[in-house]
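A single chain comes next, written as C-alpha cells; it is the form predicted on its own.
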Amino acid sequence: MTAPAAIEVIGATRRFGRRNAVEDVSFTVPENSVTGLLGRNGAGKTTIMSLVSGQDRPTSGEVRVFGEQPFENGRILSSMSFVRDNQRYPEDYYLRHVLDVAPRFHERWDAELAARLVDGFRLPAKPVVKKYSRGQLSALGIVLGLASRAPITIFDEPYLGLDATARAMFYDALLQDYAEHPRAVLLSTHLIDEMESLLERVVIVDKGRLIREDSTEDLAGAAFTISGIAAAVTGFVDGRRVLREHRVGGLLSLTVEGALSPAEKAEARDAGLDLAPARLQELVAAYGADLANENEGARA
C-alpha cells in the first residue's frame, strides 16, 4: 500500500525574471519517510525547499503539504521545521535565547533531546550566536530541526562546516529519533555517499528540472559502471544509454543505464572488463551530465 503524501509538488515552476530556477517539477514525499533532494550546485534544490516550506510560491504549478497550499497558511507552516544552510538569528541572541524561543513555534518540541544534542555538539553558551563558526551554526540548526519533532522537517545542507565526528553524530541522531518519532524528512546534500544509507527515497534535480524520483532500493539496480580498454567497453555497451563517461588515455569508464543479465556479466568478465553497480553519487553526477547531452542518444 502506498503511504499517504506529506508533500506533493505538481508541475511547479519558479521564474525569476527570464530565468526558471525550477521548471515543471513534480514529485511526492510520503509521510514517515526520509527523502534526499539531490543535485549539483544551482540545480534548484533550495528553491524547491523554499516552495515546499511556504517561504515562496510557484510562478505556475502547485505545491501541497498535507493536501493544502503552504504559502501564508499558518496551520500548515506550524507543522514544519525548515533549517536553511544560511539560517539567521537576531544579533543579540545567545544559545539560551534560541532554545527558549524554539518551543513557541513547535508544539512537539523536545527540550531533553535538544539538551543532549547541544552537549553532544559542544555548543558554547557564552558567545552570541552570530559569532558561531560555520560548523557550530550547522550543529545548532540540526538541534532545532531534530528537537522540533515537526511532522515535516526540512534540512538544507545541514552538515556544512561539521567534521566527520559531528556528521556521524547527526546521522545517528536522525536515525534514532526518526525510528522513535517517524515524520517526513526532506534534506538536500552533496555528501551522498555518507548519507545514502539514511535515505529511503531520492529526488534528483539538475538545472531546475526533475531528472529522477525513485526509492533508493529501485535506484540500486538502475545503472552500472563498466571500465577497461576503450574499444572493448564501447563494443560491449553498443545500443545502451550511456549516462556518463570518463576517459584516461586508452582506458574508458562508463556509467550505463539498465541492468545486466548473468550471461552479459560473464561476457564482460571474459572480455577483461570491470563491472560494478553504480553508486548513488555516481548516478546523481551521471544524470546531471546526461541532461547536458540528452540529444546525444544511445552510444553507437
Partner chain sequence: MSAVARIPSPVDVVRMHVVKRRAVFVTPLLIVAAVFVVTTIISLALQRLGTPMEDAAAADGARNNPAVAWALSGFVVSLGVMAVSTAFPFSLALGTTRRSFTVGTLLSNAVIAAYFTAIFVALLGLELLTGHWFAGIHLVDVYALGAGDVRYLVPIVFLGTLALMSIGSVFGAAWIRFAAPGAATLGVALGVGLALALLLAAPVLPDIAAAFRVWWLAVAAVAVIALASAGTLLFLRGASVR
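Small disclaimer: the values here were computed from a predicted structure and weren't measured. Positions refer to the first chain, counted from 1.
The next section is about a form of this same protein that is not shown, the form predicted in complex with the partner chain.
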*Taking heavy atoms and a 4.5 Å cut-off, does P124 contact the partner chain in the model of the complex?*
no
*Does the partner chain get within 4.5 angstroms of any non-hydrogen atom of P90 in the model of the complex?*
yes
*Is there a heavy atom of Y171 lying 4.5 Å or less from a heavy atom of the partner chain in the model of the complex?*
no
*asked:* Using a 4.5 angstroms cut-off on non-hydrogen atoms, would G74 count as touching the partner chain in the model of the complex?
replied: yes
_Candidate stretches 176-184, 204-212, 110-118, 220-228, one within 4.5 Å of the partner chain in the model of the complex by heavy atom_ = 176-184
*asked:* Taking a heavy atom within 4.5 Å as contact, would all three of N32, S50 and S81 count as contacting the partner chain in the model of the complex?
replied: yes
*Just one of G44, G36, P58, G54 has a heavy atom within 4.5 Å of the partner chain in the model of the complex. Which one?*
G54
*Heavy atom within 4.5 Å of the partner chain in the model of the complex - the one residue of L160, I192, L198, V98 that qualifies*: V98
